[in-house]
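The data below hold one chain only, encoded as structure tokens and taken in the form predicted on its own.
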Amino acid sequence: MRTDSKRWGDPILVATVAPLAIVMLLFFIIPLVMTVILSFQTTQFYRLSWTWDLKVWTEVFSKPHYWTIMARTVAMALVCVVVCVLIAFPAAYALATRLRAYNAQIQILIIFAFLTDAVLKTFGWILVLDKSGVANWLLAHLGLGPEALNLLFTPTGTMIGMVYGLVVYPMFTIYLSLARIDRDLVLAAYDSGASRLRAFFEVTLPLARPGLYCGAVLVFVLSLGAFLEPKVLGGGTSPLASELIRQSFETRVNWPLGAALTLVLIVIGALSLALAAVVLMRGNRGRTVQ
């Protein structure tokens, strides 16, 4: 059987790859290189001084305050991933198996909520979580007393806003994986004597892993850059990395420090994803050997 080997000099291959390469160069590589260069500069009297110096990096690695916020950001992102997956998987499973008759209508409602402005959605949660908001009003009518919830301007309020804004990502990726599963495989498991629970854990869940992992990665990466929720719903009481970077650029007018903190956040996110990938690969390899 004859196979055509592709070479980088092939005009068709170059024409196919060129648009994506240009976009990556203009909107990722060049900004990233400029950020790296900026992190080695200094500021004097709120003005950028183009002198190569390690002063900013020395400050970043010598102040525990920055690393406390980075650790809090990663912890919040991990919790957000777990909560989003726990909410998204049953919803996606119901969409793919139990609610097929209303599939289109439910997807339109989810997409409508997804496309609603993030600022509007975030400020809308204030009406729910405020002491005199909807949540406490419902709890008071359930006999739990007035102001039973005090979630506004707390990390829990921040997490509620993050989950609400990001849960749609794993919901759709998991749904796509579940919708592509051949129903005959599940029926074959039932015919072999497997219970519904065993068929789910040994057939459905393994085949849905690609969508599960994809959704988890999307939520984790977007959670690292969460900005509105910590500021509006968290009240700035427990700032995350995005707020720290914003203050460095805008309030302190220290662009090199903001650039350095941005790079630290990118590296932490990349290392976290790499570590998760290694753990998952070892787990899959172990199951394959068994």
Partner chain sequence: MIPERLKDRFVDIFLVSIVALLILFFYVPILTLVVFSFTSSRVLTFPIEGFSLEWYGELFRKPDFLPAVANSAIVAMISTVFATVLGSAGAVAWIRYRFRFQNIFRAVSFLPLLFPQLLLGVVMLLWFSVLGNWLGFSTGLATVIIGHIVYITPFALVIVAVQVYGFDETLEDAARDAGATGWEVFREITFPLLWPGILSAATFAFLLSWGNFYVSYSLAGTARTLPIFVYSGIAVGSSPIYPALATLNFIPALILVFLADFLRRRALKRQKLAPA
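Here the structure is a predicted model, which is why all the values come from computation and not from measurement. Positions refer to the first chain, counted from 1.
One more form of this protein, predicted together with the partner chain, exists but is not displayed; see below.
For Phe27, a non-hydrogen atom is located within 4.5 Å of the partner chain in the predicted bound form, even though that partner is not displayed. Although the partner is absent from this view, Thr35 contacts the partner chain in the predicted bound form, with a non-hydrogen atom inside 4.5 angstroms. Of the heavy atoms in Val167, some are within 4.5 Å of the partner chain in the predicted bound form. Lys55 falls outside the set of residues with a heavy atom inside 4.5 Å of the partner chain in the predicted bound form.
Of the candidate stretches 130-138, 181-189, 204-212, 72-80, only 130-138 has residues whose heavy atoms lie within 4.5 Å of the partner chain in the predicted bound form.
Interface residues of 105-137, taken as those with a heavy atom within 4.5 Å of the partner chain in the predicted bound form (partner not displayed): Ile106, Ile108, Leu109, Ile110, Ile111, Phe112, Ala113, Phe114, Leu115, Thr116, Asp117, Ala118, Val119, Leu120, Lys121, Phe123, Gly124, Trp125, Leu127, Val128, Ser132, Gly133, Val134, Trp137, in sequence order.
Cα-Cα spacing of Ala75 to Ala277 is enlarged in the predicted bound form versus the present form (difference of at least 3 Å). Relative to the displayed conformation, the Cα-Cα distance from Gly211 to Ala276 shrinks by 3 Å or more in the predicted bound form.
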